[in-house]
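Here you get one chain, nothing else, as structure tokens; it is the form predicted on its own.
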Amino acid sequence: MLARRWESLILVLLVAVCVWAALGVDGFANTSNVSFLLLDTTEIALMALSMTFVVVAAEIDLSVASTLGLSCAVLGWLWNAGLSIEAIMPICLMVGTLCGAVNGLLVTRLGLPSLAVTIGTFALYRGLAYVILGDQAVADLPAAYTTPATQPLIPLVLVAALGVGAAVLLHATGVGRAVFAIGANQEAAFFAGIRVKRIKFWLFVASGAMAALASLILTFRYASARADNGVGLELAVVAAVLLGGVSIFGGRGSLPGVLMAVLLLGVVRNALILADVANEVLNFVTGLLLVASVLVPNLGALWRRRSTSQQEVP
């Protein structure tokens, strides 16, 4: 019930911000700008899908943007080495999958906290990207891939298909119920027969793989493979997941809410950019929404507990 109320609030905010931007910001409602807005949220949406599972399981992956950057660097390096794009793409996906597997092994087998692990690999993967490609930009990518990536249809169909699949997996299967159970009470889930470590490991693997997929979309869209691609996107991904109603403590959340939050953040950022707002203000707004997404639900829960306890006192 709480998740549905939060989703309704996000939907109302999304509609209100869209109406405000369309009426008050020049150029927002243009077809070209709407297409750009939707494309600009594609990579965040892809990484937010897998991040939702991770956070529902009471973990976090702050290395997603660095994994994306490393995959981009590998793509550029292999393209310079003469490999075909068709051969490079599965290699990039494997790189992202391997990055996620490293995170998963450190968290599940060594028992390290995911926050500390992924802060470390956040720096490690980005540093490795610079080792591989340096500060150069590989821009002579084939038009057969870069041109479709600048059209909203293919990326949006991909996000929609994966979003529906992820929503069904999380909300309508035993795997999803296990993920929620792990986030709500890991020890109880273990004694209920749920293979906690195995599921968490594969959630991190999926997170790395989705970051690599996002790297392909981003690289082709900008027709440029760089080691610094995706810098700062981890903040937007985490903000979207938490703003979408996923509890930072795990055990609660929904994918529809997350996808609406991705759009909400994208609309806010796009409107502020068109209004010539400074980048520092954009970061401030993103951070403010991130804090609010954590603070408001917990204040609401505290208020409800206090109201219930007062009602029970004779």
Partner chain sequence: GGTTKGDAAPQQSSAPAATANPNAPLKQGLKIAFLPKQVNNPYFTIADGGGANAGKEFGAEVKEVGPSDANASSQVSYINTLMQQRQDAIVISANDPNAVVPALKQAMSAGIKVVSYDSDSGQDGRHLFVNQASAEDLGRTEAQLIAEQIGGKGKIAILSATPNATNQNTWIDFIKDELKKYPDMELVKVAYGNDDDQKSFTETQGLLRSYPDLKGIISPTTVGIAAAARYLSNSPYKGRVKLTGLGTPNQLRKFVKDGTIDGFELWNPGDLGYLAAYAAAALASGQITGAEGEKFKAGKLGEYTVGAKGEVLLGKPTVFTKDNIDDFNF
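Model, not experiment: these values are computed from the prediction. Numbering follows the first chain given and starts at 1. We call the rigid core the largest set of C-alpha positions that still match within 1.5 Å between the two forms.
Only in words, not in the display: the form predicted together with the partner chain, which the text now covers.
- The partner chain in the predicted bound form comes within 4.5 Å of no heavy atom belonging to residue 148.
- Proximity of residue 201 to the partner chain in the predicted bound form: non-hydrogen atoms within 4.5 Å are absent; the residue sits far from the partner.
- Mapping the unseen interface onto this chain, residue 273 counts among the residues with a heavy atom inside 4.5 Å of the partner chain in the predicted bound form.
- Under a 4.5 angstroms non-hydrogen atom cutoff, the partner chain in the predicted bound form has residue 139 among its neighbouring residues.
- Scanning 10-37 for heavy atoms within 4.5 Å of the partner chain in the predicted bound form gives 27, 30, 32, 33, 36 in sequence order.
- When two forms of a protein are overlaid on their rigid core, residues whose CA moves 2 Å or more are considered shifted, and residue 25 is one of them between this form and the one not shown.
- When two forms of a protein are overlaid on their rigid core, residues whose CA moves 2 Å or more are considered shifted, and residue 282 is one of them between this form and the one not shown.
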